[in-house]
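Two forms of a single protein chain come next, each set out by itself as structure tokens; they are called structure 1 and structure 2.
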Structure 1
């Protein structure tokens, strides 16, 4: 931490968040909003004279609320930057008549009650997202009595309790009577591996090892304190971890397979009573402990949504950020030039966080060392003669890359550097004035025609976006998930590219079922281009119904790159629909949609 403060190349801004961003890989313009500190960071000597006179007492969140802080405070002695900060929500001192004591006490006059919020812009080539995680809150698990019983703590609270710098200077005490507990019980997987909606379904990765560590600390320092660990199974998979687990057992920690159904407190003695079905013996047991530690996991930060929107990032179903590829690009975001480090991408321990951070730095460095980046050629172009100035393309473009003026009849112009290549403009343009490079109408129709050249009634036409649905199909493949061999996939960069004429053409060619598939709403790699897909498909459903074609034959599904299993399920479900489509129905559709057949030179 201190190295960061000292480093001449690192510009540190605390109390700061990302407010907005524009540009793309190589040249991002990022707006930063910095809250006022009310203390001059450079002038403050961190002597602490100010806090001594501050009359306002508040819980210290760094100490998990087990200690207090003043309205003017430093969260912990090694804080970086080494400067105090005022919590202005609780400070009395904006009006010097009310207080102003800290300003009086400050020998270097570094306190400024009128300090203002700053908004400034930085220009950077790459961005590393290392926004971390939230520690899970165990209060929904009422059966454990957290907050009801004084001696039930979370693992993070326990961490502060036994820290030599913490509230008790490292002494292990019960909060109820400040004496050493005879027995400390740990309950594992609180909030993790939980499917009932109160917690998260995933394993938080660190809690088993954290408890093993705590058990060793307790048995080393206080050999008379009994340690009982209630667990589902112990996951000690890392280097040196199994050895530590064995040491914990050898040191006398008792491991009991089973999660207590309930923790009760003896109101007189404050002793805690745990009832558990021992998975090894099959017997119902009662255990007593004077302190219970809830081994809580990690969850995605509650406030990550804003940065996700600003940088156009995606999340996995567990709520953490989604990497561009789970194995081959594990620290890259789908947004080029953005990388993930640490628990922002998923639960991990300190070592893995550091490893990933170095990997992210190396990936970012790779771009910056070369000093240039190749921008793909997949952008849209306009045929000015065909443009009717309707402005639909400009409205459809998620990047505002198209300008057109209906009043002055100025044809559409695409700013190619801003165009990301989703192709939504091309799909929405009714006059055929827009050509999407590398995903032209002809190229896509040629694929559909090739697919449906023989026995079309046996084929399912799938339009899949490159980033999520196509990748979801890849993931199904990597996972060897089997599904019916009837579907054929046409890849577009975004589902927004899927023109309604492609769909009608496929039906006119005899396709029994068509699936349009894209990223989940919040995950669209082109901001919100898939909302246009949704609207378009809804219009198509109406149109099909009016023409006496079952709308069910056109399906719309959102499948993410992590959802191989969903890809499989969808393919199975659509195959069932295909089997309901009769030859008569297909003939009828072909006749009704005859006019929608598109003319492309026959290639097959």
Structure 2
């Protein structure tokens, strides 16, 4: 961080948050709100004289609440800039001045009680998102006695306790009587791999190795302290991690396969009693320890939702951001020009965070060094004469690439650098003002006509998303999985491109069954475009049923590129439905559509 602050081409804005962002790759405009520090950064020498006279004591968040801080303080020892900051919510030196001691003690007169927050805008070419991660709260796990027993700590509190710069200057002590514990017990997976609603269902990645490291530190510095580790299984998958695990066992750390059901305190000795079923022996055991460390998991920060909305990002069910592709684009966001670093898209240790940060910087540098952006040939275009300023296309665009001004009746405008070519806007446009290059209405209708030109009652029209369901069909093919030959696939970039008139045109031409398929609902390649597919298909089901057409003949399925077997299974199920469709049903459907009773334009 010190190198960052000294770099001549890096602007560092601390105590700042992103309020809004607009534009596209190469031309982002980011609105930043910077909180007042109430201390002149350039003048402050970090001498600490101000903190010595401050009468207000507060819990120190950096020290996990094990120490206190003053209302004027450094955020943490290695903070950049090293200047102090005033917590004005607790400071006594504001209107009317009731204290002012820090200002009197400051020899360089750098304290300014009238400092104000600043809002400013910067123009950038790319954005790297590095949100960090939060530690899970163990208080819902009441059986472990956290906050009830003084000697039950979290792994983060333990890290600060034994830190050379921590509250005890690196000495391992019990909080109850400040003596060295004879036995320290670690309980793994507190909050991680938890399906009962109190924690998170995923593995937090770093907890096992963090505990192994702590066990080695204890055995190295305090060899007389017994270490017990209660675990489900040890996940030591990184380079050198297995050797580290073996070193821990060789150093005397005892590993017990099983998670304690509860932690109780002996009222006389203050020892902590742990009851656990040993998974290796199958026996119920009682263990005693003078200190218990809860190895808590990691979770996404609470404010990630706001940034997700600002930058049009995707999120996975675990709350972290979703990368554009887990293998080919692991640091890219779906929004062009936005990249991920560190724990923004999942829990990581320091090594993996640094690796991903380097990759994100390289991806951003490659874009910016070229000085131009290559736009795909499948972007959308607007016919201004047909645009009715309804703003539906702007709402449907997952990337915010379309702007419409209804008040001034300014037609929609597509920012081609931001458009990813999903085509959802074209499917939602009621006036036909939007054309998606290379996937025009006429081209798709022509494919349907060609498919159903001969014996249409034996054909099933499948609209398949390029990235998932179409790729899933390809995977089924190369895997030699057999599925009915009645399928006829129409490739679209996204299921969001499937206009209702495509479906109805296929029915009008005699198709017995139509399938719309795309990415899984929470894993859309185009952020959330398939949500518009879901709404569109649900409306069509209602319309078909009202006109006496069996809704079952229109199917919607989510198939990923790796699910070749599911593609086969779905196609076999669709074929069974096709066999139930009678010639009379097909003729009835044609008559309904010929009379245009569904009030949907049909291309002929």
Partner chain sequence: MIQKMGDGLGERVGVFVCECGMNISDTVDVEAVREFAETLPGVVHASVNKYTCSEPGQQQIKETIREKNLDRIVVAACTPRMHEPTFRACAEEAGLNPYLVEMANIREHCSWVHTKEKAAATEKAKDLVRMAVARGRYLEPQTEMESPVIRRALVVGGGVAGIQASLDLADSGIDVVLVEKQSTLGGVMAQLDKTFPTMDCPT
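Everything numeric in this text was worked out from a predicted model, so none of it was measured. In this text, rigid core is short for the largest set of C-alphas that superpose within 1.5 Å between two forms. Residue numbers count along the first chain shown, from 1.
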| item | value |
| --- | --- |
| Structure corresponding to the form predicted together with the partner chain | 1 |
| Displaced residue check between the two structures: residue 183, CA, 2 Å or over, core reference | no |
| Large Cα shift (2 Å or above) at residue 585 between the two structures, core-fitted | yes |
| Core-aligned C-alpha movement of residue 27 between the two structures, 2 Å or more | no |
| Per-residue CA shift, residue 75 (Å; core superposed between the two structures) | 2.8 |
| Between the two structures, how far the Cα of residue 379 shifts once the core is aligned, in Å | 4.6 |
